[in-house]
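The chain that follows stands alone, in the form predicted alone, written as structure tokens.
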Amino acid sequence: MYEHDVLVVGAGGAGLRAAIAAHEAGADTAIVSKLHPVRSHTGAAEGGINAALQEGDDWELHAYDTMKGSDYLADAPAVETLAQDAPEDTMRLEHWGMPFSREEDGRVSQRPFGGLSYPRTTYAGAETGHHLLHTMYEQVVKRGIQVYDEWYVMNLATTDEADPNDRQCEGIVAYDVQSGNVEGFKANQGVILATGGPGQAFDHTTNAVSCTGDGHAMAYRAGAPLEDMEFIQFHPTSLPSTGVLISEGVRGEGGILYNNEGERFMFEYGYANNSGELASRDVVARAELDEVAEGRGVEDEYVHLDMRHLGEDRILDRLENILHLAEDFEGVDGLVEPMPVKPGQHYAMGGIEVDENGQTCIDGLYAAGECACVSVHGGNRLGGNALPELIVFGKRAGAHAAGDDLGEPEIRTGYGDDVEDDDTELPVAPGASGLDSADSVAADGGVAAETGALEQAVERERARVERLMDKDSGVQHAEIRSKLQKAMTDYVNVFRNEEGITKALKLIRECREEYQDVYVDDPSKTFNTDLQQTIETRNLIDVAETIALGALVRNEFRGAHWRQENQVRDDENWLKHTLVSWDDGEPSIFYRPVILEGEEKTYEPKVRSY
């Protein structure tokens, strides 16, 4: 058994920043991560960090752009916190040694990004996330913060009161990849989930293979609702063969999108008459797929992104990494020919419901980064807003978990008297039914008097590993994961309709049933990736189902969520967050109103055009 004041699960941008803040607040802090910190997926972030740094820009403009980009589904307290804190937190990175690109006068460079009214995206070449990780990991090492890397966190240890609002998170259970041991970690003050996104629920994604929604699933099964999971961002520019991301920075520097007729279609066909390629990501992604559907796609699959006109010097100075990606994965020289690009699953706007301080409805359980939903992105995230979210809300979660008083939050969490229940008749029973009950957090029906929640959670996870390892036949997780990914890509992609989402839910149900017979083929105790990925696949099933449930019940077109049956934004009925709660294996759906009232203004919904 290990013991610390604050445990941070995940060592990407949000996890590192949370750990630093908790340590600065005086807490004995440790990071538990299935990857070494500098291998975290934050390192793949290319574009930059939005922050109002220049004269002529201000946080109010950043907040307005973010609320507009969210299609008015973000909560104003979160949006204004992001915009207000981003400048100072970005400059703190600079003081820690982050090598931002600079102008000739020495100031940090900023460039335009989609949906922004001012060029406020601060960057480090096309490797901003890579430099961010290394800068903050250096600070973690400097402070002597304990890092348990290559420890895969399998579950949370929470008490089992009937109402999740009354539950307490006591710690985590983790699998030591090197030794094969399953051990408990006690958290005296708090557990912060910073586990990244659920991109592996789709088969064409910019996300790393490690992005399996672990934090989402653990918090969900512990009783914390998942919020706005239907809102999945499909980045307009990923490489067709692999899903590797091509930064929005290419378009920010002046890159142009063309169809197979050489037309600059964002303008030619009126998708975004003012902003063109720098419209928000959901607009550009739909435009590209429309071009392909109309027969104007290249090889009926993708479009071209051209940056040749920028010149070799500018490309090598600001976008050199993009040249290597295009050459390595597509055999294309971006200096002399356009690059093939198409939309790829990129980011989850929804996540674990938290308040401005990163706290869930479960006492002692926090979340930050992509796995959390505060909600700062609403229906659509603006490019350049993910990294400031990591540092702003990672910092706040770490400080609050360590005991700092950050004030009373305005955002509510958990089921309460301000919610509206959903009465949609679902086409298939969701949740745990049909699964081995021992996979459920509350499987044993309560905490025995003689043992605590953490001790019981450790024994449950050890028993689960034994069951998986003892079986010598059945279904391998890869078959189930492949089926799940295909269902999500086919039916819960950029364009959605009720018939397709229903098919996805039925296929997810089949994946649940097949998982009953899953087994681990690799008998080894150490470095058993087969075992780890089998557990990750269970998490993907749970998270994919919440995405599909949200997509089914939200019958409107908002942000990244396009519905064939209702292609208008319905502000009268849908200015509310979708929440899915596990409820001991029987998911329920409810809604909470969006908070549009800021410090000094109310963000009135307007037509979102670019």
Ligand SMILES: Cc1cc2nc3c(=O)[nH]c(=O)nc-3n(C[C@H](O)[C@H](O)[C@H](O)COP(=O)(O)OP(=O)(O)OC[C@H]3O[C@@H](n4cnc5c(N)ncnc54)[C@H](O)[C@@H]3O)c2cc1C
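Just so it is clear, the model here is predicted, and its values are computed rather than measured. The first residue of the shown sequence is 1; numbering continues from there.
From this point on, the text means the form predicted in complex with the named molecule, which you will not see here.
Checklist entry - Would the named molecule be touched by all three of G69, G223 and V374 in the predicted bound form, meaning a heavy atom each within 4.5 Å? => result Not a single residue of the candidate spot has a heavy atom within 4.5 Å of the named molecule in the predicted bound form.
Item to check | Stretch in contact, per heavy atom within 4.5 angstroms of the named molecule in the predicted bound form, of 516-524, 214-222, 250-258, 315-323 | outcome: Only one stretch passes the 4.5 Å heavy-atom test: 214-222.
Item to check | One residue of T546, T29, T578, S33 in contact with the named molecule, assessed in the predicted bound form (non-hydrogen atom, 4.5 angstroms) | outcome: Selected option: S33.
Item to check | Listed residue (S280, Q200, N385, T158) with a non-hydrogen atom within 4.5 angstroms of the named molecule in the predicted bound form | outcome: Only one option qualifies, and that one is N385.
Checklist entry - So, in the predicted bound form, is Q533 in contact with the named molecule at a 4.5 angstroms heavy atom limit? => result Q533 lies outside the contact set for the named molecule.
Checklist entry - Given that the partner is absent here, does A45 sit within 4.5 Å of the named molecule in the predicted bound form, heavy atoms only? => result Taking the distances in the predicted bound form, the answer for A45 is yes, it comes within 4.5 Å of the named molecule.
Checklist entry - With the cut-off set at 4.5 Å between non-hydrogen atoms, does R563 touch the named molecule in the predicted bound form? => result No, no contact at 4.5 Å.
Checklist entry - At the 4.5 Å heavy atom threshold, is A22 in contact with the named molecule in the predicted bound form? => result Contact check for A22: no, nothing within 4.5 Å of the named molecule in the predicted bound form.
Checklist entry - Is any part of 10-35 within 4.5 angstroms of the named molecule in the predicted bound form by a non-hydrogen atom, and which residues would that be? => result The stretch touches the partner through G10, A11, G12, G13, A14, G15, V32, S33, K34, L35.
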